[in-house]
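Quick heads-up: it's one chain on its own, the form predicted on its own, in structure tokens.
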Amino acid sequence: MTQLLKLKHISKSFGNKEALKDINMTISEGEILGFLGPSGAGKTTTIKILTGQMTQTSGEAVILGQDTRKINEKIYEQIGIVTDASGFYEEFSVLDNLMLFANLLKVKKERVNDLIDRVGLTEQKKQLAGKLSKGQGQRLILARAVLHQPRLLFLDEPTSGLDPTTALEIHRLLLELKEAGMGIFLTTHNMEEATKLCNHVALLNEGHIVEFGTPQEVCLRYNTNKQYRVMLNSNEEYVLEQTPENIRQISEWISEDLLETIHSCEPTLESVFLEVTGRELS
């Protein structure tokens, strides 16, 4: 797979405060990388460096083969960005908002109409953008960011504050974009979202990556106390440690057709983050 982005020993300081410390990672085509951590951990600073809005103190950042300190117009034509600062023209309709950028980016009108349908804004097509709900507005911003089918998409907390149904719709779209070959850099403090969407995750704490790997790899790395949650068809529930005696008991329940469900109890990304940082997500 083609490498779209590379960070090598990136650090960023603001006066005496070191916001990022020796950050290393890559993103390839068809990959979602989750950059995870609580507010103030350095996620937005990283996006600003990667998109040329801010210069790192040290290290090398390369996007689509170009140093991020020298990004030109052609690079911006190949990336999409959704951050808290992203917005739309409130006095324009949904359609007019997207048509404005379609004309600037030389995107066919058919693409605009298809995307409006895909993000679930068909009924709001002629509605003023300023009248949209928060979830509808977020979908409009995302539609605008992917309108020109960028090779690389930056998403800063794209589902923060959205209802579960709207968040699910956005998740489906992101997975489709990934399957089509788009690289996605996702920042979030929603560890469940990251587990569902990301190929790899980097856990960020106070500007430093404290864990990296697939969501499953990171969780299993901390699965030191193996346990199983079982429910019998009598509705009795047990949490059992992995011991020879308990394994025999589970086998017995299975042979007697008494076992209704069984689940392993490996830690979640959120519990791993709490263990390695001692910090709650917020």
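Each residue number is its position in the shown sequence, starting from 1. In this text, all values refer to a predicted model and were calculated from it rather than measured experimentally.
What follows is about the form predicted together with a small molecule, which we do not show.
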Report summary line: Counting only non-hydrogen atoms, the one stretch of 42 to 50, 214 to 222, 235 to 243, 61 to 69 within 4.5 angstroms of the small molecule in the predicted complex is 42 to 50
Report task. Using the partner position in the predicted complex, report whether residue 19 sits within 4.5 Å of the small molecule, counting heavy atoms only. Result -> yes
Query raised in the report: Is there a non-hydrogen atom of residue 30 within 4.5 angstroms of a non-hydrogen atom of the small molecule in the predicted complex?
Result: no
